[in-house]
Ligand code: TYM
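First comes one chain, alone, set out as structure tokens in the form predicted on its own.
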Amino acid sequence: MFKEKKDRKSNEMVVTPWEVSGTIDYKKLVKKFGTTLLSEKEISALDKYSEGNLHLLLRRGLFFSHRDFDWILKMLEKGVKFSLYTGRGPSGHTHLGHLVPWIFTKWLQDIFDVELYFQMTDDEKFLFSQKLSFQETRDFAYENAKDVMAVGFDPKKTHFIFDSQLTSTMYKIAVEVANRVTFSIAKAVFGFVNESNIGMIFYPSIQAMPCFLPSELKGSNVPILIPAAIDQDPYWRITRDVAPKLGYYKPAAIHCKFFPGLAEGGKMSASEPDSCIFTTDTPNNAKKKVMRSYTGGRATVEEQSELGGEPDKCNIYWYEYYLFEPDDNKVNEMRSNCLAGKLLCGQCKKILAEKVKQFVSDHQEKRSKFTDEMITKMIIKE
């Protein structure tokens, strides 16, 4: 399907739209991808727009990199609003790692009062997985869309794009993109080989399409901001190259790091169910997963008291830091007590487990309010 994987050291960094593994060095990744680290200038501007209510995911550095986000801010100063675009590859049930960028996207929608175009790439997951039927990916798309809406997006300003239900306008844009991307470029960016099916080779033009769809629908150029994990950035590199040729603005992006899993090392991944908290887990099962998770604790209580814990290696700490503990004083106290050996892993797990249990319960209650019929009404039609 792709270039044959060479023998890799277990900690070698690999980041593509379909594979994330090894020890991630984000500074090296930014340099490799050619993106820009968020500066205090951009963060301060967001703080101003949010009236001092800067989102935790930004304040604590989970969102860290961008392409042309400073240009988006300049356009705002001129009175030109942007639209948001992000998406989901529906290959299974939604987990907490998927929700994280959506939570931030919802915050952006709220503070800037903008529209969101959310793409469900059910075609991608059929073409690339080779394990799921097209009907299965379409079914997961509807289920995942309910999770999207449970995050709290404004239904009047949120529009779904289901690739399996492309309109003629969407297809026209995708073909225009495809006509301007050579196979050599796609091969260099994505690693396609002779064994890659032709649907995979065409697919990047479909993922580029929503960047230009709002402009087509509005009849004027609309700036686009894409909040997403940095592994999806290769798609936007090709899209940005094509945009001027088609008369559109280049899409801007703001990238997040990978949300950690519950196992030792790596991101939360659906391929390792025990590393994930799924939105379909019962609240009690989610709690149990946290209680079984990896921490930065020592082998014994005595060693923990003597040497202290290692919060930087601890998934419990990072869950609290990035998402579940907004109070800076409390998270700093947790870190200090861990380093001093005053806080044991079991104590931390119990605190987080109750928070996660409540989070899953609340999310499922919100999710239950959305039906397939309601999602269908939000899918863009011709």
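Numbering starts at 1 and follows the sequence shown. Computed from a prediction, not measured in an experiment: that's the story for all the values here.
Beyond the structure shown, there is the form predicted in complex with the ligand, which is absent from this document and is the topic of what follows.
Is there a non-hydrogen atom of residue 100 within 4.5 angstroms of a non-hydrogen atom of the ligand in the predicted bound form?
-> Result yes; residue 100 sits at the interface with the ligand in the predicted bound form.
With the cut-off set at 4.5 Å between non-hydrogen atoms, does residue 212 touch the ligand in the predicted bound form?
-> Outside the cut-off, so no.
Does the 4.5 Å heavy atom contact test between residue 232 and the ligand in the predicted bound form come out positive?
-> It does: once the ligand is placed as it appears in the predicted bound form, residue 232 has a heavy atom within 4.5 Å of it.
Heavy atom of residue 84 within 4.5 Å of the ligand in the predicted bound form = No.
Quick one: in the predicted bound form, does every one of 106, 357 and 361 get a heavy atom within 4.5 Å of the ligand?
-> Heavy-atom distance to the ligand in the predicted bound form: none of the three under 4.5 Å.
Just one stretch in 129 to 137, 280 to 288, 220 to 228, 293 to 301 has heavy atoms within 4.5 Å of the ligand in the predicted bound form, so which one is it?
-> Only one stretch passes the 4.5 Å heavy-atom test: 220 to 228.
Heavy atom within 4.5 Å of the ligand in the predicted bound form: which of 190, 160, 259, 249 fits that? Just give me the one.
-> Of 190, 160, 259, 249, the residue with a heavy atom within 4.5 Å of the ligand in the predicted bound form is 259.
Sequence-ordered list of residues in 118 to 134 near the ligand in the predicted bound form, where near means a heavy atom within 4.5 Å = In sequence order, 119, 121, 124, 125 come within 4.5 Å of the partner.
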